[in-house]
Structure formats: structure tokens, C-alpha cells
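Here you get one chain, nothing else, as C-alpha cells; it is the form predicted on its own.
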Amino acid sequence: MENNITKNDLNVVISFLKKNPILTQSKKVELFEKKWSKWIGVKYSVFVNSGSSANFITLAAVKNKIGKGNIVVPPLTWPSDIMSVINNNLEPNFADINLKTLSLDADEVIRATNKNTKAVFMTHAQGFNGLNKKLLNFLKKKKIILIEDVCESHGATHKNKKLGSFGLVSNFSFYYAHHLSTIEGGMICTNDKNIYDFCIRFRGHGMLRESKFKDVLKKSKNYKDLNEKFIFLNPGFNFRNNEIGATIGINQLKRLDRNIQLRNNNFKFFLKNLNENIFFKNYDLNGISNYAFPIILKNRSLIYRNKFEEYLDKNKIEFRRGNAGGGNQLRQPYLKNLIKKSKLNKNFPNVEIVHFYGYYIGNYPSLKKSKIKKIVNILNSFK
């Protein structure tokens, strides 16, 4: 990423600070939540301190609603998605991805579900849309909840409707390199009043007074032995964000649609010029909101791959092997003592391809066509 926090963003923050405002969560946070809800097309949004926090709170809210069960997740995702499932005493159930979208494959999800499956936690990777009619119809028929991780895919769509508005709950990250950045930050979105109420209370230590609803606040009468300002209705932590982050978010939202278009134009130009004899190019571009330039080598030799990485380093092209999260999470040490060995040893061919032979190169709105062309020429010249 380059200059995702612009001089204009900083000037807006400076103007805000000159008013000697409240800096902890207050009116700017509430305004940002309302504007984001309108942009996504949902009723409620909850601004938190990171996308990882959004993951954890969301799974806590889902657990509160469904009780015990298993959640289908991809092995190609960020660790916090899987750890949010585990830390809420739910069981992760893994399914392979589709190389065309780098997201969960519908047929693999269907195979992975069983009578104890309560939800599918879809990661919309790198700006691709992971949803399709077959998957949505299956979830509806089986009454399985959809949770969306849209951290890398702000503004991506399915059937012209924004991702993050399909699931019971959805999560966004506003980390520095993402489409919209509040430096650090995340958002939880939902149309469900009870889920929303749980999340805003969980974000604020579980305090009853964090609720926005009169019928919930009336519950204070049930706890006459407690100070009504300090009733902790459910477990929670301090996952709040602040007024400065919200101020940046509100300002960045003004240019988000334009930035997404620039990112998509960059990606299409990159793909058009990429050598299909060396690299996989058959991505599904419907509804994209590109995050980065994905690269998958067609030659599946580790010797070839290592030479390719040396070549990239030599030509000063920054890259990430394995894509988001470093590839197959089932190979990571943090999971070794947390899930059954039988799950660790399962083979997910497409995830393994990305793990060993997949990369991404950064994309951002100010990236010039001349620079993209230079990068592509270097990639295509590898022998």
C-alpha cells in the first residue's frame, strides 16, 4: 500500500482536534457506523478496534444465538477467523476453496456440512465474491447461518448487492492496506436487532448501558442490588475504537467507490498482460473489488518456485506467498494442539496450491499503469 492515509485525511483530523473534542467513542463513531451501514445496505454497524475483534465478537454473538455446533471455515483465511471459532467453544470444520475466487467452494462446503453444522464462515478473499446461487440456496434450505468475512473485499458484490449484506453477520477490517483504512479498526454489520445489541454491549465490557434500545435498558430493574450504570449483562471486553479513527473513516468513505474502481482497473490491466502459460488467470471477476494482484504458478515444482522467488527479490518486487494469512492455516503451529489430528491431516488440494505456489503483489488506487506494465514484464520474463 502507498499513502492510504492521505494528507487530506490528516487535515480533517487536525481540524477535528482543534475543536478540543471528546476522543473516546462518541458521536463521530456513531456517525461513521450510520454512514457505513448505508453504504453496505444493512440496518446496523458496530465500529471496533480491529477486524480480528470483529471476528471474535461476531462468533460470540453467533454462539449466544445457536449454542454448540460446528462452523465451516476455509483453511485459506486469517488466523483470527479460525481462532474466533475455537475461542468461543465452537468447532471449526474445514472445506476447500475454488481457485477462481480463492474463497470457499460451494460443493466442498456442502460436503463438509453435517447435522451439527450451525454456520458457514465465508472469507471473501482478495476482493473476490465467494457467494453463488447454489451455496445460498443450500444454506437457506438447511437453515445454516452465513457469516461473511469481507475484510479484504470492501464493496465487492453478488448480483449487484454488496457483500456483507447477505449473512446474518459480516465483518470488515480497516487495517492500513485495506480499501478503507482507519489505521487500525474493524466493523460488524447485521440486520438482526438482537445480534447488534449483543455486539455493542460486548464491545463495551458487556455493560447494559451500552445498549441503544429502551426495552433492553429496562432490564436494569431486574438488578436492584446493582448500580444501574455498572450492570454487566453478558461477558465482554473493551473492543471500542475512537473518534479519530471514525473521523478518518468518514472522510475515506467519500472516495471509496472511486478507489475501488481504480483498483479494479489496475487488476484487469494486470491480468490482461499476464502470461497465461506461466500463471493461472482464470479468475471469476464478477462483482470484484480487488485487494491485490493474485499470482498462481502453473509449474508445481518447489525448485521452480524457489527460483521464481529469488527472481522477484532480485527485481525488487514485494510479494506475499500463500496470500492472506500465509497460506494453509492447518500447517500453522498455533493449531497443532487445538484441533484433532485427523483435521490437521486432511488434504485440501486447492488450498495447498495457493500455499506453495500462490502469491499476491500489492495493488492500490495510485498505482500507475506504467508501473504495473513494468511488473508484468518482469513476471513474464521469468524462465
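Counting begins at 1, following the sequence as shown. These numbers were taken from a predicted model, which means no experiment stands behind them.
There is another form of this protein, the form predicted together with a small molecule, and it is not shown here; the text below is about that form.
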query: Sole residue of 151, 120, 163, 199 within 4.5 Å of the small molecule in the predicted complex, by heavy atom; finding: 151
query: Position in contact with the small molecule when the complex is considered in the predicted complex, options 279, 138, 175, 237, heavy atoms within 4.5 Å; finding: 175
query: Heavy atom contact within 4.5 Å of the small molecule in the predicted complex, the stretch among 340-348, 57-65, 44-52, 310-318; finding: 44-52
query: Residue 155, heavy atom within 4.5 angstroms of the small molecule in the predicted complex; finding: no
query: Residue contact check: residue 185 to the small molecule in the predicted complex, 4.5 Å heavy atom; finding: yes
query: The small molecule contact in the predicted complex: residue 252, any heavy atom under 4.5 Å; finding: no
query: Any non-hydrogen atom of residue 266 within 4.5 angstroms of the small molecule in the predicted complex; finding: no
